[in-house]
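Below you'll find only one chain, the form predicted alone, shown as structure tokens.
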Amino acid sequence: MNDNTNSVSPSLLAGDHFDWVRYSRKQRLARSFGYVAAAVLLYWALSTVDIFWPWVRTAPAQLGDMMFRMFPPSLEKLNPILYALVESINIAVLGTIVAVVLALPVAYLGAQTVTPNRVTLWLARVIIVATRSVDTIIWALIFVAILGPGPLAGILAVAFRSIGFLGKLIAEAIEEIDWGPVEAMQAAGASRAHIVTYAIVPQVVPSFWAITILRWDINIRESTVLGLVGAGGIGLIFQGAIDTFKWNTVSLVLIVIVMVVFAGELVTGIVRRKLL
């Protein structure tokens, strides 16, 4: 009997009583081996991580004390927090715009069906992989080291992180278009520019807006932490409040960040319904 089916006693053929077993013996052994292997892997992973367990045991008490210090939130620095929040939103918006401008040619060259040759295809894919592989915080650290602290470093960090995301998804959207209009324009002798403008772009526009709105929503969230490394925004106030143990200010910053992320979700949902 196949091991992938439930095991049934041969006495069933003679009409005798039989015991139904969900897994065969071989399957039970394989599952048991899998559980043991998972437990060994988990133990090995924990043993390679330097965890100070006394701190873990006192974490509930520390959390309770921190929550007690956080509430009620202090409104003393509400105006600077709101100003920094606007700066974070502007970083996300400008970074997304820069990323779109840079990602469109990368997406075109990265689409197998329209790229001029394999050199441009691999060049685009290297750019996509390189920009997606580096986290926004790392990009921010790089640009802070180059340009100094400030929102410009944050804008470029958001932009460079977004290029790979936008380029990959837009390239996939280009590869999935209906090639009927493209072939018709090619048969009519249209130039490459006309084919792109009138046959490819109209089909990609809905996906383009959906992808861009999604990335903007992600950038709103990521821009709130860039200040932790000096790249501007509300994260700078957040880090300063933690460093000075002003937990009432920390709680206010967290509340503001949650509210702006929730508002971003609402805005992106409304825009998506209007445009798509």
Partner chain sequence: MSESPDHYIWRRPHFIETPYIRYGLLALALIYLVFALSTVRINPQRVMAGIPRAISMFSGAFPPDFQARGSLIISGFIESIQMTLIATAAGVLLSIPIGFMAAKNVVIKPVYVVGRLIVVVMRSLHPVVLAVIFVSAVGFGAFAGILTLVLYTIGFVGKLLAEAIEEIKYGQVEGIRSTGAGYLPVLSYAVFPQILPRLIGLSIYQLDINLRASAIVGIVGAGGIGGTLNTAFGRYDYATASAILLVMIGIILVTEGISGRLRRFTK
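All of these numbers come straight from a predicted model, not from anything done at the bench. C-alpha atoms forming the largest set that superposes within 1.5 Å between two forms make up the rigid core. Residue numbers count along the first chain shown, from 1.
If you look for the form predicted in complex with its partner chain, you will not find it shown, but the lines that follow are about it.
Novice: Just one of 196, 190, 123, 93 has a heavy atom within 4.5 Å of its partner chain in the predicted complex. Which one?
Specialist: If I apply the 4.5 Å criterion carefully, the residue I get is 93.
Novice: Ok, 119, 146, 75, 101: which has a heavy atom sitting within 4.5 Å of its partner chain in the predicted complex?
Specialist: Here the answer is residue option 146.
Novice: With a 4.5 Å heavy atom cut-off, would you call residue 164 a contact of its partner chain in the predicted complex?
Specialist: Although its partner chain is absent here, residue 164 would stay clear of it in the predicted complex, with no heavy atoms inside 4.5 Å.
Novice: Does residue 208 reach its partner chain in the predicted complex if we count a contact as any heavy atom within 4.5 Å?
Specialist: Judged by the heavy-atom cut-off of 4.5 Å, residue 208 is well away from its partner chain in the predicted complex.
Novice: Can you tell me if residue 48 lies within 4.5 angstroms of its partner chain in the predicted complex, counting non-hydrogen atoms only?
Specialist: Residue 48 belongs to the contact set for its partner chain.
Novice: Contact with its partner chain in the predicted complex for residue 44, defined as at least one heavy atom pair within 4.5 Å: yes or no?
Specialist: Yes, residue 44 lies within 4.5 Å of its partner chain in the predicted complex.
Novice: Decide if the three candidate residues 228, 238 and 257 all line its partner chain in the predicted complex, where lining means a heavy atom within 4.5 Å.
Specialist: Each of the three qualifies.
Novice: Do any residues of 246 to 267 have a non-hydrogen atom within 4.5 angstroms of its partner chain in the predicted complex? If so, which ones, in sequence order?
Specialist: 247, 254, 257, 258, 261, 262, 265 sit within 4.5 Å of the partner.
Novice: Is residue 67 among the residues whose Cα moves by 2 Å or more between the shown form and the other one after superposition of the rigid core?
Specialist: For residue 67, whose C-alpha is compared between the shown form and the other one after core superposition, the shift is less than 2 Å.
Novice: Using a rigid core alignment, state whether the CA of residue 37 is displaced by 2 Å or more between the shown form and the other one.
Specialist: Comparing forms between the shown form and the other one, the residue 37 CA shifts at least 2 Å.
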